[in-house]
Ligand SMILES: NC(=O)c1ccc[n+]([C@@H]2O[C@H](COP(=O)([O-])OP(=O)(O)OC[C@H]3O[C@@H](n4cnc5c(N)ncnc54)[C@H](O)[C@@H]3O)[C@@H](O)[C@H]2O)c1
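There is one chain below, alone, in structure tokens, taken in the form predicted alone.
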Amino acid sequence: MGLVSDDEPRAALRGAVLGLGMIGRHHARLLQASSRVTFAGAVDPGGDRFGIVQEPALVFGSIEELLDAKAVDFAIVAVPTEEHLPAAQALAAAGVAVLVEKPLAATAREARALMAAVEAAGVRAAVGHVERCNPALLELRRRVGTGQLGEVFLIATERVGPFPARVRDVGVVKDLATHDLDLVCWLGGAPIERLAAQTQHRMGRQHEDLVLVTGRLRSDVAFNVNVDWLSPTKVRRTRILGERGMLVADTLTSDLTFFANGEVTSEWTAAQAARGVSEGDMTRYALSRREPLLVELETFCDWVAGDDSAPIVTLEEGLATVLAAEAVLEAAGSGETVRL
């Protein structure tokens, strides 16, 4: 999939971005570099503090200013989560397709209102769960789908690191764990059935900065999610354990490694016990690496242009992730297992 079709040239889509923060600036960079997109502009009341927009006249203070000045086919909503709903409502009312950065909205109620606005306007929309575009995770999912692991037992994710100063409006559950709550369903091919959770508040903020989630998908696959803003090193790892071995994806480096179950025995009993009873070969796969955010943009452009088979993240999937995040906070607060 590319920004230019191999079959015939496509009309350039007029794309804009709302928010020029840590993620919005990268969206702006890609929009300006794309041969398939005409950059319509960026909206940020604080201006272009990173200097990413090449034409200063294309930086606007409000959505209304952008829409008055430019015709826009689609916009990427990369504003703080609590502003997703009004931004998407304004864009949809103007007939603009929207790619909303995850999470879809701050609450399930707001997510449903956003979905209703999009449906009423008849515009195309998707959610920016960019981890689904990571080459290591794409290949991991493909290999699981071909049966490489046989029956899957467990999906486990680890997403830890220092606190990012950019986050002000939500805790680690809605900011980071929404990646993983989406991934376990996408990789496991089934929605979450039930979960339990523990959170911690160690930084003096209103919101949680650590969460541990354990649960089960409707397919009976167990999952575990470990996320925090307290670790002094950054780790992004997803592993899937099955009857034939384990696949481990490092999404920082886009490496994918397979640990096969083996049948080689050892006469040295202590070594056998220490190394595991069925340790086999380890293989690290050579992968083609493309920037996940670029792949996400390409996919969304295909969707806006009318390709119904484009693998976007639907608003329904985005809502399911918000509901799962709310269930995590409910489970952590009550100490009880929550069924979704």
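None of these values were measured; they are calculated from a predicted model. One-based numbering along the sequence shown.
Not on display, but discussed next: the form predicted together with the named molecule.
Contact check for E119: no non-hydrogen atom falls within 4.5 Å of the named molecule in the predicted complex.
When the named molecule is considered in the predicted complex, M22 lines it closely, a heavy atom lying within 4.5 Å. Of the heavy atoms in K102, some are within 4.5 Å of the named molecule in the predicted complex.
In the predicted complex, the named molecule sits within 4.5 Å of a heavy atom belonging to E83.
Contact with the named molecule in the predicted complex, defined as a heavy atom within 4.5 Å, holds for exactly one of V79, A197, V225, L114, namely V79. Interface residue among L137, A90, V130, V152 relative to the named molecule in the predicted complex, by the heavy atom within 4.5 Å criterion: V130. Taken together, L18, R49 and H179 are fully in contact with the named molecule in the predicted complex: each brings a heavy atom within 4.5 Å.
Per the 4.5 Å heavy atom criterion, the named molecule in the predicted complex is contacted by stretch 41-49, the sole one of 65-73, 305-313, 282-290, 41-49.
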